[in-house]
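Taking the form predicted alone, here's one chain by itself in structure tokens.
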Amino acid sequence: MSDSTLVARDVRMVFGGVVALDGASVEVRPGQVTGLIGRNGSGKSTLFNCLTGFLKPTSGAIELDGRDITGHAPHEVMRSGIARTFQTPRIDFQTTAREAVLCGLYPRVRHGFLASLLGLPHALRAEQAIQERADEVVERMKMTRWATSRIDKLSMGRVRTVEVARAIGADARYILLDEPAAGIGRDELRVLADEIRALADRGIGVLLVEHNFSLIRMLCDTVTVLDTGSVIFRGTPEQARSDARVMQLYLGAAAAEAA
């Protein structure tokens, strides 16, 4: 594994007597989209949460560009250059879509509250830059038409689009997307797919946890498959599609017929 990576290495996670992860590893490289797939309960979300600081592994390590960040708090992980989305969107449903994107950018602000209160020039410039960045992301994600709509009035697909937009706006070096296509319509899915690929083309490492194997095949350079907390496969999406165990455990007969 190269130094320039986000890595979960031999992670074991035990809750009481339940082993959720048993020596699981995954690697996210800059400029690539890595898929993380598996059946419900396979450990995907647990590994995702270990990578982002929401869980501290029982053993094993999380490394960012060669530096051990195991057990770092989520805000420290974020400031290190890692952004994420959630299966259940964590957004204030009383804000507008644009306001939600804007709020997601404020952790980037380096000046203090007093500087903003006093209207100091550097604080004003930073505020303006954040406003412009929010508008740029809103336009890029094709949200302009509904950017002023309140989150609680939007479809779940559009709410998920807002969450992805917040992660993109954070200018992270690694972006981890937890089932971003769930509930998204065909047009929104096309925008999402184009943007994920564009992220990798700009040198960002993307980890995609997703049940939609068609999206995995379309976007991912490599895929890691989990089952009962262990990695059972690592390779390309096409190799995964040809692997009998992966097809049996995850894709199922319907996927085999669709292929």
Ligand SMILES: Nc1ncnc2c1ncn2[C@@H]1O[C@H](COP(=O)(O)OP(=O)(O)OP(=O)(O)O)[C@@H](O)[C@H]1O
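In case it trips you up, residue 1 is the first one in the sequence shown, and so on. Just so we're clear, the structure is a prediction, and the values are computed from it rather than from any experiment.
One more form of this protein, predicted together with the named molecule, exists but is not displayed; see below.
Quick check for you: of 212-220, 57-65, 42-50, 198-206, which stretch puts a non-hydrogen atom within 4.5 Å of the named molecule in the model of the complex? Correct option: 42-50.
Taking 4.5 Å between heavy atoms as the contact cutoff, choose which of E127, E179, E99, E188 touches the named molecule in the model of the complex. If I apply the 4.5 Å criterion carefully, the residue I get is E179.
Sole residue of T148, Q94, Q131, Q87 within 4.5 Å of the named molecule in the model of the complex, by heavy atom: Residue within 4.5 Å of the partner: Q87.
Residue-level question: is A244 within 4.5 Å of the named molecule in the model of the complex, judged on heavy atoms? Looking in the model of the complex, residue contacts with the named molecule do not include A244, since no heavy atom lies within 4.5 Å.
Can you tell me if A240 lies within 4.5 angstroms of the named molecule in the model of the complex, counting non-hydrogen atoms only? No, A240 is distant from the partner.
Going by heavy atoms, what in 220-244 lies within 4.5 angstroms of the named molecule in the model of the complex? Result: empty, none.
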